[in-house]
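First, one chain by itself: the form predicted alone, in structure tokens.
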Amino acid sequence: MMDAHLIVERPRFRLDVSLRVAPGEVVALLGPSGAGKTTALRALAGLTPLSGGHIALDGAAVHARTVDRRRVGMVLQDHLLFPHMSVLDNVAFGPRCLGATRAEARRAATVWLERAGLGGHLRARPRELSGGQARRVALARSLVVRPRVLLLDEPLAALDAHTRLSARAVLRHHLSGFAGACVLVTHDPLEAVALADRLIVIEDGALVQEGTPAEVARHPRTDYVARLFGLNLYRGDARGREVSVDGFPDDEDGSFTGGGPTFSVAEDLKGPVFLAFPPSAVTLYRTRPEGRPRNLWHAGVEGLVRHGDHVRVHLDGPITAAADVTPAAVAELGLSPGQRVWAVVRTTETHAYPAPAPE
């Protein structure tokens, strides 16, 4: 078990995050650039000194120990392989530092390289490897010393889509057999969902949300998390199955006067809530739909961007929102920046959940 309270103070920045990672658990740190993810990882490794707090492994404090006495393995974005050594000797370097004989170290390194599918590259130099192969060598080098904690900083960054897919599968296989605590830093939500048992989201040096990937993806609590998982997110006030969100129009000509209609949701709640829905749940109309549709507002088209097989329409006005429509719908509606449209969100895909009261 790793139990850490990381406090790192710098000019104009303070990291203050607590985290616990169980044996065999993989925890992913997510957050925007500059949030403090890599600082947290370097603090756990002993590369960045703590200003306060602690790091404990199985109840024993290790934050005062030097890097070589923490039994921490780390894979950086720049894997830092020794260019003058063979792949085999790069991986054998760790066991040699821990006192293994040359033969023992090479035997252990060979086992890990074969597990990584690199048994045919033992004599190769790092410059002869592809990016994905170099990542696997770096991972084998970290695991061969049997660390108690494994730290991964963007382990699949800069790989092409095909290589990333295969490298992710290899990494998932190795992590499933790792008995220690693992902390992964990534910007990629798919990578976090595929590799991690639990997500910790950091913004501005503070923990803002944590939970299983499914919990965090379904109930984002900040704009960053909502964007990360492709959701529109708002704060509102619930009264039963209706949620009012500030800034909606209350007249039929679409002027943005605020204080208007509410969202209908499936949940029965009261008080401050978050309200979220995916862009795919939004339907756009040139004219106001007939009848009394729920979850309706008048919006302006801010921009259009190709998004996979669909077009993502960015809407402004009383609220900002993203809507995913087909190219055929774009042509049929004649969508273009500056145009006014009516937006409707399906009630079945509009969800609310409790939020802390605004300060």
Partner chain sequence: MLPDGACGVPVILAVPAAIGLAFLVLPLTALLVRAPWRTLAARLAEPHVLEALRLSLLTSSAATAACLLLGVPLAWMLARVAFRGRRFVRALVTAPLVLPPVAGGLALLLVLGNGGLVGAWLEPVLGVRLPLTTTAVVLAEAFVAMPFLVLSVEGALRASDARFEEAAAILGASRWTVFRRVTLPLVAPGIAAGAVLCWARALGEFGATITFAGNLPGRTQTMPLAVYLTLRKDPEAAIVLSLVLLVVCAAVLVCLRDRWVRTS
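These numbers come from a predicted model, not from an experiment. Positions refer to the first chain, counted from 1.
A second form of this protein, the form predicted in complex with the partner chain, is not displayed here; the remarks below concern that form.
Exactly one of the stretches 44-52, 325-333, 30-38, 304-312 approaches the partner chain in the model of the complex with heavy atoms within 4.5 Å, and it is 44-52.
Note on contacts: among C97, L165, V111, A266, the single residue with a heavy atom within 4.5 Å of the partner chain in the model of the complex is C97.
For the options Y234, Y224, F178, F93, the residue carrying a heavy atom within 4.5 angstroms of the partner chain in the model of the complex is F93. The closest heavy atom approach of D58 to the partner chain in the model of the complex falls outside 4.5 Å.
Remark: F82 counts among the residues lining the partner chain in the model of the complex, judged by a heavy atom distance of 4.5 Å or less.
Mapping the unseen interface onto this chain, D204 falls outside it, with no heavy atom inside 4.5 Å of the partner chain in the model of the complex. In the model of the complex, the partner chain sits within 4.5 Å of a heavy atom belonging to V67.
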